[in-house]
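Only one chain is shown below, in structure tokens, and it's the form predicted alone.
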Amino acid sequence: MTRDRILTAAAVGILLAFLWFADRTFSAYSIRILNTIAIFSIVAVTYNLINGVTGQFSLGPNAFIAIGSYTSALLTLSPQEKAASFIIDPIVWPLSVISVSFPVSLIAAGVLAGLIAFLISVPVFRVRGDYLAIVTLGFGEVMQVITNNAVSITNGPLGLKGLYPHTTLWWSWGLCIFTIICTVRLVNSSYGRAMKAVREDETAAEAMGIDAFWTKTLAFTFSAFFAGVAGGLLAHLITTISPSLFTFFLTFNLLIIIVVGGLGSTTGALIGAVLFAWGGEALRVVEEPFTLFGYDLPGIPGMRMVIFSAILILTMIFARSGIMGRREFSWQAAIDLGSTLLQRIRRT
């Protein structure tokens, strides 16, 4: 094994040890935040693949997360639970009698989301740039209408409630690690180099023999598959879903994550997901009464979003390409940085 592989294996081992410790000692609230970080990381890393690595401005991940959430939820609910939930219209057959395990439902959620992405890629990738954004945004709005009106499938505005909390730290972070490994290997493969070529100049890439359409379709389908899996994890984390959960605001948040982290950087997408999911909760303290330098200050509702927005503005001013730009984490760079810091500490 090379040095990088040994260090990576050690880092994964440390993460697993931390998860084991957190699972036994952290509060339910802290564990929920860790699960949220993992789910956002799954979506951000794969959303970055289509927007950052391939350079296609897609605004439709909320649709695929919704597909995954409803698919996984409908498959894990028992026939009795479905009959009790669908009070407006009875659920359609065969969904009314199907009930499968959580792992099977996640696979089904990813496959269905990926299949739909593959099918719509033909009309979607007939356009580019801003037009592509409009088309994918429209698809997200179509899914919003479907989830609200297909009452015999989605239970309409009432949504689905009473889901079993299957999503644990092991499920969320295990799938997060798996997603990162798959994404990194794809980006570093010949397919990943083709995606980057399409991003830089699609016409030149096609002139060099790259099939731009199938390259974009691969990235789009790959991203949708893992968005569907993340949707299944999300549904069984919050245990209740409704159409209002999957609006464009969800896509907007994901777009903020990958832009702040750095478009085209898997490492940046991870950093952005952690900062967004954890930072948003950490800033809740400013909305509660607190003492600063001996002065008792009242909590200000909504102040955390003001501070969060100010941080985003400063990040974009001083790091216009995002925190990582297009750079990726490397052990050699980390070792060099550590050596530099140690030298400076010794000098002082």
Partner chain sequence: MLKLVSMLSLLCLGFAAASWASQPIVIGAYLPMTGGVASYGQMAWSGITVAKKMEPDVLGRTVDVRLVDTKSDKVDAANAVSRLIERDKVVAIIGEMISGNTIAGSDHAERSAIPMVSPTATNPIVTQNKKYIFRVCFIDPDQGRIAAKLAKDQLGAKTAALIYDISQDYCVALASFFKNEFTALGGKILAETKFKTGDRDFTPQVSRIKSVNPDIIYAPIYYTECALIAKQAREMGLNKPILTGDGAQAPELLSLGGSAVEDVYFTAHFHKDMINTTRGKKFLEQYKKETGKELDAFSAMAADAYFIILDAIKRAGSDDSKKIREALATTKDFEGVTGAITIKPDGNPIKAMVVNKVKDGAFVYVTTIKP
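Computed from a predicted model, the values in this text were never measured in an experiment. Numbering follows the first chain given and starts at 1.
What comes next is about the form predicted in complex with the partner chain, which does not appear here.
Only one of 46 to 54, 61 to 69, 319 to 327, 22 to 30 lies within 4.5 Å of the partner chain in the model of the complex by heavy atoms, and it is 22 to 30. Contact check for I116, R185 and I311: none of the three has a heavy atom within 4.5 Å of the partner chain in the model of the complex. The contact residue chosen from M208, A84, V92, V122 relative to the partner chain in the model of the complex is A84, the criterion being a non-hydrogen atom within 4.5 angstroms. I88 is the sole member of I181, V104, I88, A204 with a non-hydrogen atom lying within 4.5 angstroms of the partner chain in the model of the complex. Under a 4.5 angstroms non-hydrogen atom cutoff, the partner chain in the model of the complex lacks P298 among its neighbouring residues.
At the 4.5 Å threshold, heavy atoms of N148 reach the partner chain in the model of the complex.
N155 belongs to the set of residues with a heavy atom inside 4.5 Å of the partner chain in the model of the complex. Among residues of the shown chain, M305 is one whose heavy atoms approach the partner chain to within 4.5 Å in the model of the complex. Residues from 266 to 284 that approach the partner chain in the model of the complex with a non-hydrogen atom closer than or equal to 4.5 Å are E281, R284, in the order they occur in the chain.
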